[in-house]
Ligand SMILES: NC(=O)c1ccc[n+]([C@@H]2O[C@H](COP(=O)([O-])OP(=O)(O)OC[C@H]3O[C@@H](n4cnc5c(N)ncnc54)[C@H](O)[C@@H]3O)[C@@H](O)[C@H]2O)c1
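Below sits a lone chain in structure tokens, taken as the form predicted on its own.
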């Protein structure tokens, strides 16, 4: 049986989030400070099992709600060694001045609300597809951690979003998805400040194109380390927290979504490192989905078409248009514009993929609780599944 003796913050915080985010009661966690009735769940003793503690907490919650005919506005617990706050008042939580989680009745539910009041992490979130996903999730009401190697860029984006919203809706955290130590540190910080994570989007990715005849091994391994192994490492450290959140109610759905590519659905000429890594992420997606379904963790992939307006493609120095022109990947192309037109002509809908296209797929995946292990194409008809 699991106990609380190791890493108390990491184990207890998700349990409290799971208790308050109980789908059977139709309740959601709110990011606002409550001043009304509170429930103290009591002390957590070292050596107490997770299962027994949750049982006691659930009994106290049931007794409270049956007696007062309402849900407590603040739920807290005592432990002398616990130095973190939970959930809603993020500034207070960081300072360690209180342990509280605020809950309230869920509003009317539409697809626009599926990520509202959720805690999300987006790796590679400071630019490109990742930045667009971050902006969209904030717009739909999620609290988003912008996880990126480029900490300055992530902080700049978070500051902009927080200024526009007039509240804290995003935070920056530096992470290297190829490092277990870095990903663990990121998860520990998210759990300590927010109590858990509801949506993990593994978006960080790199691309090096080139012929198999001439490509350097170091370039091949670089792509594989970030695009394939990085997804494994992120899932390894996100899944335990999500599993704990499900423990109290057994009805707490969370999502891990990897941003794969249409190149994960079909081969790509002179782009084998990238296509191979993306094919691999879909294999991981299906395997992780089978394993984690018992924890109500859904694992899916989104496979976008080419994001032609993003820096990956359009950067004037390192973009794919420039790389493909230099590599002679588009026969007869004499300019970057020729390369772009060639790629647009391959899409039945005549344009590249956009962030708006991808976020619709993400919202569908989160809303759909009866699907896991899928690779959802968002390609304008360029790739059609059999």
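Because the structure is a prediction, the values reported are computed rather than measured. Positions refer to the first chain, counted from 1.
Unshown form predicted together with this ligand; subsequent notes refer to it.
Annotated contacts: 127, 226 and 305 all touch this ligand in the predicted complex [non-hydrogen atom within 4.5 angstroms]. Note on the partner interface in the predicted complex: the residue among 235, 246, 176, 209 having a heavy atom within 4.5 angstroms of this ligand is 176. Only one of the listed residues (119, 170, 204, 137) places a non-hydrogen atom within 4.5 angstroms of this ligand in the predicted complex, and that residue is 204. The stretch in contact with this ligand in the predicted complex, judged by heavy atoms within 4.5 Å, is 257-265, chosen from 282-290, 257-265, 213-221, 157-165. Heavy atoms of residue 276 never reach within 4.5 Å of this ligand in the predicted complex, leaving it off the interface. Mapping the unseen interface onto this chain, residue 239 falls outside it, with no heavy atom inside 4.5 Å of this ligand in the predicted complex. At the 4.5 Å threshold, heavy atoms of residue 313 reach this ligand in the predicted complex. This ligand is not shown here, and in the predicted complex it never comes within 4.5 Å of any heavy atom of residue 251.
Residues from 131-154 that approach this ligand in the predicted complex with a non-hydrogen atom closer than or equal to 4.5 Å are 148, 149, 150, in the order they occur in the chain.
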